[in-house]
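Next up: just one chain, as structure tokens, the form predicted alone.
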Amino acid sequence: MKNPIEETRKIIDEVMEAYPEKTKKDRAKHVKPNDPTGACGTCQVKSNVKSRPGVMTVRGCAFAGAKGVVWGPVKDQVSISHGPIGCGQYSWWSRRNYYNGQTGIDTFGTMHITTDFQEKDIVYGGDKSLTEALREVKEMFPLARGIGILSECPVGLIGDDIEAVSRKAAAELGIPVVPVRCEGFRGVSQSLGHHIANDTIRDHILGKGGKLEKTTPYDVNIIGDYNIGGDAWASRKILEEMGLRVVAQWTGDSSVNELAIANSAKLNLIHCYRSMNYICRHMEETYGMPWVEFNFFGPTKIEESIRGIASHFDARIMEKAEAVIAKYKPRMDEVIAEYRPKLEGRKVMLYVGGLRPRHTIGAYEDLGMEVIASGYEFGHNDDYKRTYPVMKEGAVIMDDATLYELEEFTRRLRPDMVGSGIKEKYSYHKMGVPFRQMHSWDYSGPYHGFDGFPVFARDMDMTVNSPVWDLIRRKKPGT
């Protein structure tokens, strides 16, 4: 009988053969066959280290993590990209964080505000232009509840004192002005940007100024849900039907005030562990607020999470939780009955960021699909420890994979669909492999909750079973 781990190890060795000896030795530490039991001592993936020079990575930078992920969705703060125009322009359009409000009046999430660094700013410093920009922002957008200064690489290289500028501006303008030292060269990936952004919320906003007038025993925060395509709204709907009150959403469709009063809640519910576990740990240590992870992808995980969340409250909430599950089960069964026959047995390869490499597995399994490979762009060891038990034995686990590795594993494993990011999308189109952009749901969504699962199932069927793929020649292994 074949050993799945050894069979996968052979495939990995074949892919690594193309590298020079030193690179091969290094990259082999980051690609492993999965062992769900943890008994295999050589199956642990190395992670959260710098990408190898000369080997193309699809990671983002600290600026992307702070501005594009954590601070960008805070709707009533104006986030200034402090530096040359290019980085801010990229981060402006790269996410789909839905929000309520009137853009340019009381919400600013889809606006691109930049200090537009020029050569003179590099030579003489950008402090004066930054001060002018802060005043202009306050004058143009009087309903802004805060301003963030998100620094790009040149700011750190020339030593601009954005902290001093922000202190003076906050006193002058009468609103929080938050300096975020998220220069792109910091750390090994966008993950440090998440951490830096969490720390600036902690230091400048959380528990400062705002106060929840009336509390209840059922107050919760949604942490690490960025409302891609309306995800946080779908999650919030479930929690409110359970009888809970959502005090704050971090940070999709969130406000500065929500960030400030979040310490008044009773429980933090964290969706994206990687980007927001830092603030949850801080609130637990400082305010005694417990936190629990939840997963609202697919009915199996939704039901598990609803019951897990309800267990932190009284019998009333637990009873209402069961009523919510019973209410939506017939609809979920209908979706599975419609789409599972079309998707049963199809194989999926995932390579994404944040929580998606493991959280979406249950949703695929609800549709009869099998995830045969998965990996993180910027995962840490604790992400992989959470991933091993939910993957099949012998599945490929990848950390900071190169495009070469992704393509070669695709040719050898022959998945029926790949879910990854925008950088990989068009390479897979050229290969003729069904592809889904799983960072922003390929401009669809939501995918969370009972509202999202029918959309998820439809999109997976539309992706895998589209006749267009038969019109593109697919390369065979070794060609």
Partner chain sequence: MKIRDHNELFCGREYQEQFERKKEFENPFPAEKIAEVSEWTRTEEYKEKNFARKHIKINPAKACQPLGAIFCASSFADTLPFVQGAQGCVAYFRSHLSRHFKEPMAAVSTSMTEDAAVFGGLNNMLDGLENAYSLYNPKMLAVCTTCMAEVIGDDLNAYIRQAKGKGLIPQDLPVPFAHTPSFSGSHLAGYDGMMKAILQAVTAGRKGDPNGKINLIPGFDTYTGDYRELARMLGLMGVAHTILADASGTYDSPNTGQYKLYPGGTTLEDAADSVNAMATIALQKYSTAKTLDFVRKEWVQRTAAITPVGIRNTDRFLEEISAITGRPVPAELEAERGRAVDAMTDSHPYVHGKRFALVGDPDLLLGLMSFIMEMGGLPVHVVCTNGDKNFRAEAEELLASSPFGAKAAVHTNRDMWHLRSLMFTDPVDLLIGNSYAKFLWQDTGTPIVRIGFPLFDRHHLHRYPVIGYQGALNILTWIVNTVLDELDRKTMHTASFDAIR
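Residue numbers count along the first chain shown, from 1. All values derive from a computational prediction rather than experimental measurement.
Just so you know, the form predicted in complex with the partner chain exists too; it's not on screen, but the next bit is about it.
Segments offered: 198-206, 300-308, 115-123, 358-366. Contacting the partner chain in the predicted bound form at heavy atom distances within 4.5 Å is 115-123. In the predicted bound form, none of the heavy atoms of N381 sits within 4.5 Å of a heavy atom of the partner chain. Though the partner is left out of this view, A64 does reach within 4.5 Å of the partner chain in the predicted bound form, counting heavy atoms only. In the predicted bound form, the partner chain sits beyond 4.5 Å of every heavy atom of H271. With a 4.5 Å cutoff on heavy atoms, E370 does not count as touching the partner chain in the predicted bound form; it lies far away. For the options A164, L143, A171, A326, the residue carrying a heavy atom within 4.5 angstroms of the partner chain in the predicted bound form is L143. Distance criterion of 4.5 Å from any heavy atom to the partner chain in the predicted bound form singles out R331 from the list R281, K392, K385, R331. Candidate site formed by P4, A28 and H194: none of these residues places a non-hydrogen atom within 4.5 angstroms of the partner chain in the predicted bound form. Contact annotation for 41-69: residues with any non-hydrogen atom within 4.5 angstroms of the partner chain in the predicted bound form are K50, S51, R52, P53, G54, V55, M56, T57, V58, R59, G60, C61, F63, A64, listed in sequence order.
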